[in-house]
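The chain below stands alone and is given in structure tokens; this is the form predicted on its own.
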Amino acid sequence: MDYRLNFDAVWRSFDLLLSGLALGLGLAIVSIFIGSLIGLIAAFAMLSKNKLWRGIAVAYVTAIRNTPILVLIFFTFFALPQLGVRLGKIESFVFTLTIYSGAYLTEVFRGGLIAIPPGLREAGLAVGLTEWGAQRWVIIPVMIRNVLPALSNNFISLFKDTSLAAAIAVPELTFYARQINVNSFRVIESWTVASLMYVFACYIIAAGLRLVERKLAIP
């Protein structure tokens, strides 16, 4: 085997790789933000005494968590237009990633809510807060701080999942790495650089999130 490394083709298109990395990070941020809202609502629904809301939340989490994300991406992008729902490539992927992350975050938030002592809610009610006020100003803030490590892990996992957007031609990092590979036949070089960019980005994200966890940690 006589393969000589040559990174020229990769460096010529490095700006595209950086733009793809930035897009992937943006997709992950938007998806986990909206997914957190969905997960929070679904978590309360799963703990609700209302059987209908509890059943809907359980069905949602079970269906999404047991379906491969790539299947969900293809369904949203290729199947929904047949039903009259047409979304662009980026919008389609964000929608899928949001629904996907919401299902996993539901379990994260549910665990966080279960772990909160009942006395916190009672203390909130005792000082004059309404039921909703106690949830909003006491329960949810404490729960968020407790589940920050799990949220961090989910965000990093979600960021790596943005590589699947290349399957529907969303121009993120993996898409451009594959494009460089196809145009230049520099297989090792293109995927090595893309892998290192993912590793570096995930390391920076993890370091930043650990800093946030330490700042917000409950003594």
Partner chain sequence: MDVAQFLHEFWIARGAIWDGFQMTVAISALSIFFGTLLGLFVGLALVYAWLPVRFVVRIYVDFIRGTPVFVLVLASFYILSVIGIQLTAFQAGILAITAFCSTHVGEMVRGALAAIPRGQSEAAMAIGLTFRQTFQSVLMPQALRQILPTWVNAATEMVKASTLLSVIGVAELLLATQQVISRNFLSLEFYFLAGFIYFLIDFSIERLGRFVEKKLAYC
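Nothing here was measured: the structure is a model prediction, and the numbers come from that model. Residue numbers count along the first chain shown, from 1.
Another form, the form predicted together with its partner chain, is not on view; read the next lines as being about it.
- Under a 4.5 angstroms non-hydrogen atom cutoff, its partner chain in the predicted bound form lacks residue 26 among its neighbouring residues.
- Using a 4.5 Å cutoff between non-hydrogen atoms, residue 46 does not count as a contact of its partner chain in the predicted bound form.
- Its partner chain in the predicted bound form comes within 4.5 Å of a heavy atom belonging to residue 74.
- Proximity of residue 53 to its partner chain in the predicted bound form: non-hydrogen atoms within 4.5 Å are absent; the residue sits far from the partner.
- For the candidate set 87, 79, 114, 144, a heavy atom within 4.5 Å of its partner chain in the predicted bound form is found for exactly one residue, namely 79.
- Out of the listed residues 22, 206, 199, 9, 199 is the one that sits within 4.5 Å of its partner chain in the predicted bound form by at least one heavy atom.
- Taking its partner chain as it sits in the predicted bound form, the stretch 82-110 comes within 4.5 angstroms of it through a non-hydrogen atom at 82, 83, 104.
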